[in-house]
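Below sits a lone chain in structure tokens, taken as the form predicted alone.
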């Protein structure tokens, strides 16, 4: 059976869900196709943080602030709760050099109108008594939030359905048809779609889909581990990140990078991360990496030695070479749009990504100027010279 659609969105993670929601809200006949089930990939194997201070001043921070505002609005717009909590985050300085770097980050954010509160050692321990007493200090960023990515994806999809979107799960894409250079349709295991617009929001699997239209994308899977403790309500009061976190994000090193991220969940468990490594599509858990995360956590939170670890898991982040996502049309393939490459900012930037995709399709004149920094064609994407393989 062949269905007709104004737009087909491929990928049912938090980014694809946001694209579907904003397209449906704009009155577009949109069909979301997901090869497994909603939030079956990275969106159920990640932490819950939305950060502003890790984004560079300029377009990246502008997009981050726009997305932060959209998340706050979605709390009222979506019927299903998704554990949105604006507790802020604390950047931890292990020594005086780290504290000075934290102060510089705080000053840079304050210059952009982002609230940041430098903390001396005593102030830090008053805010978070479980921290090691030898830390030099830190910075409190009160506007950061936590969001359950899986629940948020489900809430966005449910709201999109209420506005007319159609969702197809268990519908792996096997081909993308073209008429000349333009998109003509999508073939899936659940049937065919006649459409002139396709949004690729498939995360780490985006390159496989791009090859169906003869493109190679600069997207690589970057593996990350999370360790989960038993319930320890009130052990920490804000999400905590060490100062070296940003450098692990920005490096392109092939080896394993580990930096402390700790956050308390509404259920009372504690999520501990984070790690980064290029390991292909391997999602297996490495005991060596989990142990490294645990050691780093104990350095900052020694009381965790009394809290049992109950499980661990690994997920894959879609990495791009300049650490910015690819959002917008691909000029070489008319009708093909990308919403991928967010790596660790998928939760933070999902709403603004969905809004940009809807604007590109419905009213390109409304696209915000900062979106130029994330246009896919900054990588000069060109069709491959060999024949693509549909799979």
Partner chain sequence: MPFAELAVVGAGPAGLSAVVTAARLGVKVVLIDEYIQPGGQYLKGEAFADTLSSPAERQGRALLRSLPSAGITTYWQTVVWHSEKNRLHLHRPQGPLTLDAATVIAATGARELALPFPGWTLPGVMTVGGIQVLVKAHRVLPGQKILLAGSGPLLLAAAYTLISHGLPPVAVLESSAPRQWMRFGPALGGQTGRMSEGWRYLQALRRARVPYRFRRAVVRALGSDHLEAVVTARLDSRGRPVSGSEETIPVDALGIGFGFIPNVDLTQLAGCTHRYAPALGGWVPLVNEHQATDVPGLFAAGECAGVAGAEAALLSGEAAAWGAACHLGRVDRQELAHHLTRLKQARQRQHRFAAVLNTLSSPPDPLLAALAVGDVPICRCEGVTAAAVRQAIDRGARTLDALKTATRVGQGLCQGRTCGPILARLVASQTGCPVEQAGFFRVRPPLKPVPLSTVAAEGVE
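Residue numbers count along the first chain shown, from 1. Predicted, not measured: the structure shown is a model, and the values here were computed from it.
Keep in mind that the form predicted in complex with the partner chain is missing from the display, and what follows is about it.
Looking at the partner chain in the predicted complex, residues 92, 134 and 317 place no heavy atom within 4.5 Å of it. In short, of 115-123, 194-202, 150-158, 210-218 it is 150-158 that has heavy atoms within 4.5 Å of the partner chain in the predicted complex. Under a 4.5 angstroms non-hydrogen atom cutoff, the partner chain in the predicted complex lacks residue 240 among its neighbouring residues. The partner chain in the predicted complex comes within 4.5 Å of no heavy atom belonging to residue 65.
Though the partner is left out of this view, residue 312 does reach within 4.5 Å of the partner chain in the predicted complex, counting heavy atoms only. When the partner chain is considered in the predicted complex, residue 97 lies well away from it, no heavy atom lying within 4.5 Å. For the candidate set 165, 171, 139, 297, a heavy atom within 4.5 Å of the partner chain in the predicted complex is found for exactly one residue, namely 297. A heavy atom within 4.5 Å of the partner chain in the predicted complex is found for one listed residue only; from 106, 145, 304, 186, this is 304.
In this stretch, 44-61, the one residue having a heavy atom within 4.5 Å of the partner chain in the predicted complex is 44; the partner itself is omitted from this view.
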